[in-house]
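Below, in structure tokens: the form predicted on its own, a single chain.
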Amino acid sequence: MTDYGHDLLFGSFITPSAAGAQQALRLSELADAEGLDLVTFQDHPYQPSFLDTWTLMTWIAARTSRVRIVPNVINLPLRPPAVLARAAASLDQLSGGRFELGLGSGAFWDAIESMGGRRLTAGQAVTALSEGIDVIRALWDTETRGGARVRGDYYSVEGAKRGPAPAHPVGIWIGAYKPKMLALTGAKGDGWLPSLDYLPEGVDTLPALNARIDAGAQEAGRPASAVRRLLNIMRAEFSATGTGFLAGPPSMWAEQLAEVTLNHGISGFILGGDDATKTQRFAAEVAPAAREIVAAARA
């Protein structure tokens, strides 16, 4: 049993389709009204059928009042970390402290290179992400005197003025699957943000991946609980009866997600898809029931 003790978060994973801009707004407003904690958005800047994720998040922040806004995950190779730090802090201030930074090392390198980004190997991308995190944190650190200085092979700042500071301690949630990325998540991340579809054995994969994050945290002198564990769920359906994982009534979903929290430490569940009815049931029926089960077990 692995429970890191975080309060549960429930959210929505929204595709920033240009054709579905109003749908993205409606889903975000629904999440805000129904009590979901997060609305999250893919970031593929090389995809012309998508709206720019940062512009969309800013628009959503202005149209909502309580839900937190998260890129899931931001494409670092096409968004320089020094500029990203200022943009993230600005959006956090403008939204009243409702922004968290989902961050990725990059994928689809042909598309990234076509947009002027630098092609990196897998190992180089991990190093670049580590340096990018250092740059972002240095620019957010307005308590330290003097300019920010980070010298890296891929990202550097040489005396850049610090600030603006975010309105709250913005979490950096890392999309990671491979050993080096998981170790980096443990060493420098505030959260881990994978997708269930990419885990080869589903939730049974979680113990081994959690162990790598825990080891990375321990090596960096951090408690394992410093890293919140979240999970994107892209394939799930409500039904009157069911025998599989997230393929049954809301009560079954709640029991299964509570089990994942208590056994594997996952404390954030983000439901994919653009189905407003499913999102509403997730918020109204699954989230409160799962919270109740976890609270009773912890008590």
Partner chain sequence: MAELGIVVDLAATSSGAELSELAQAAERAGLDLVVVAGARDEAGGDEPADELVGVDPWTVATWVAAATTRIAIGVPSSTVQGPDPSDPRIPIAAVVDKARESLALLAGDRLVHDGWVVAPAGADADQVRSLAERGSLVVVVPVGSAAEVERVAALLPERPRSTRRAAVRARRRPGIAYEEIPPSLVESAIEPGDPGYRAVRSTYIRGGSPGLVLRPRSAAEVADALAFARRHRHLPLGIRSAGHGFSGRSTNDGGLVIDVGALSTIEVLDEDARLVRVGPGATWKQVAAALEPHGWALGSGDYGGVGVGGLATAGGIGLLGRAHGLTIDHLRAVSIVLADGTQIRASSHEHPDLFWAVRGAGANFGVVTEFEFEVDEVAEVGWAQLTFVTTDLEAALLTYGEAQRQAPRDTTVFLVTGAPQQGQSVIQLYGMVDSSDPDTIIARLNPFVAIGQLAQQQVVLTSYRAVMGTAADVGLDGHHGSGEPVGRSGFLPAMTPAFAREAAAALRGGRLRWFQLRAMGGAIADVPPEETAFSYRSPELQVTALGAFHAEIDEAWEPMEAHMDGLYLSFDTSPDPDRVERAFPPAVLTRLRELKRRYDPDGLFRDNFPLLEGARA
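Numbering follows the first chain given and starts at 1. Given the structure is predicted, the values throughout are model-derived calculations rather than measurements.
Another form, the form predicted together with its partner chain, is not on view; read the next lines as being about it.
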query	finding
Its partner chain in the predicted complex: contacting segment from 233 to 241, 27 to 35, 254 to 262, 58 to 66, heavy atom within 4.5 Å	58 to 66
Contact test in the predicted complex: D52 vs its partner chain, heavy atoms, 4.5 Å	yes
Distance check, K188 to its partner chain in the predicted complex, heavy atom within 4.5 Å	no
G146, heavy atom within 4.5 angstroms of its partner chain in the predicted complex	no
Distance check, W140 to its partner chain in the predicted complex, heavy atom within 4.5 Å	no
Within 4.5 Å of its partner chain in the predicted complex, all of A125, S130 and S225 (non-hydrogen atom)	no
The single option of A208, A220, L199, A87 touching its partner chain in the predicted complex, heavy atom within 4.5 Å	A87
Residues within stretch 66 to 92 having a non-hydrogen atom within 4.5 Å of its partner chain in the predicted complex	P77, L78, R79, P80, P81, A82, V83, R86, A87, S90, L91
